[in-house]
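As structure tokens, one chain now follows by itself in the form predicted on its own.
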Amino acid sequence: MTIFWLSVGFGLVTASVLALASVGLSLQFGVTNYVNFAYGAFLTLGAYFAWTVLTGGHLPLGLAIVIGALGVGVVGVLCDRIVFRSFTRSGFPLFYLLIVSFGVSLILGNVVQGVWGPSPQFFAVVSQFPLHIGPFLLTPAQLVIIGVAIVSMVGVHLLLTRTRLGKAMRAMSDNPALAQVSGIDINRVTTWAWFISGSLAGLAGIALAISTASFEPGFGENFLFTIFAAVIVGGIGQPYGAMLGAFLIGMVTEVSAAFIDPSYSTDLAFVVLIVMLLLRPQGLIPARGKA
């Protein structure tokens, strides 16, 4: 039973990282209606931005995390303005945008490797003794990751329900054409969606790098399909569904590792995904009108 509760604690950490990433991807998809396959590269950039600020600028870790996350938000906006928006304005099919996002992912990956090199890096976090929190055994860094995820999810909820921007994003997610004729500035909303999505991706990448102790140029792309699993299980384009999907996938991957070979734990996430697609293809929280 002790191993079970330890794995549940690790599941909460993994679910927290997944929630940050999957909610960001869901917000962007909900507004733009196409999937960004460069999202894994955004996670990688977040880790490298924060690591560079931490080691080169000798700033506190908290400030380095904020700068790294916001930096990826700016990268997201630039990718939209320079690349994706040119294709959407020209009326290219969404399939073309998927291919374009693959190209952006390759470009960003090569930029990361060219600037920082292929060698693994790590955050110089001071050695921490695990703390007993009820039945769980978690380090202070892991508790911070969980806390940051909770605060971020509350922030996303307040954004979507209490602000004009959030309501505009929800309107675009439901019906972009109607939102536009209703007077919503869709370009402004899209820009904010990319910034928030990129910032959450950067934050997720930093949390993932801290929780795994080291990172290298391809580590974000390796985590991308697990993010997709959480997004699809929760309901594509549904931020609240992404939160539930992240919790479910995070728990499945970590708890299963306590009882089976850990190398198969990620495979179980895709088993959950396949079962969900067979039984409830619209996800845990379907889009309006698709229940």
Partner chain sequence: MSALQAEGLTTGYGSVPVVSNVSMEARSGEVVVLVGPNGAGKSTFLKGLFGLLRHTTGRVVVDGRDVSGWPPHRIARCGMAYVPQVSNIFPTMSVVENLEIGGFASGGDVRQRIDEVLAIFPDLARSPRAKAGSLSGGQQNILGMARSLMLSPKVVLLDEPTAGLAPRYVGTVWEQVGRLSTAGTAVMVVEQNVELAMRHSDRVYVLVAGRVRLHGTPEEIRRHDLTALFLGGGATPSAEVGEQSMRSV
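All values derive from a computational prediction rather than experimental measurement. Numbering follows the first chain given and starts at 1.
Missing here is the form predicted together with its partner chain; even so, the following discussion is about that form.
- The contact with its partner chain in the predicted bound form, taken as any heavy atom within 4.5 Å, belongs to Gln180 out of Gln180, Thr139, Gln113, Gln121.
- Only one of Ile210, Ala149, Val75, Ala168 lies close to its partner chain in the predicted bound form, with a heavy atom inside 4.5 Å, and it is Ala168.
- The partner is not drawn, yet in the predicted bound form one stretch among 199-207, 168-176, 140-148, 95-103 has residues with heavy atoms inside 4.5 Å of its partner chain: 168-176.
- Within 4.5 Å of some heavy atom of its partner chain in the predicted bound form lies at least one heavy atom of Arg164.
- Although the partner is absent here, Val83 sits far enough away that none of its heavy atoms falls within 4.5 Å of its partner chain in the predicted bound form.
- Its partner chain in the predicted bound form is not approached by Met153, whose heavy atoms all lie more than 4.5 angstroms from it.
- A residue is said to contact a partner when one of its heavy atoms sits within 4.5 Å of a partner heavy atom; Ile184 meets this definition for its partner chain in the predicted bound form.
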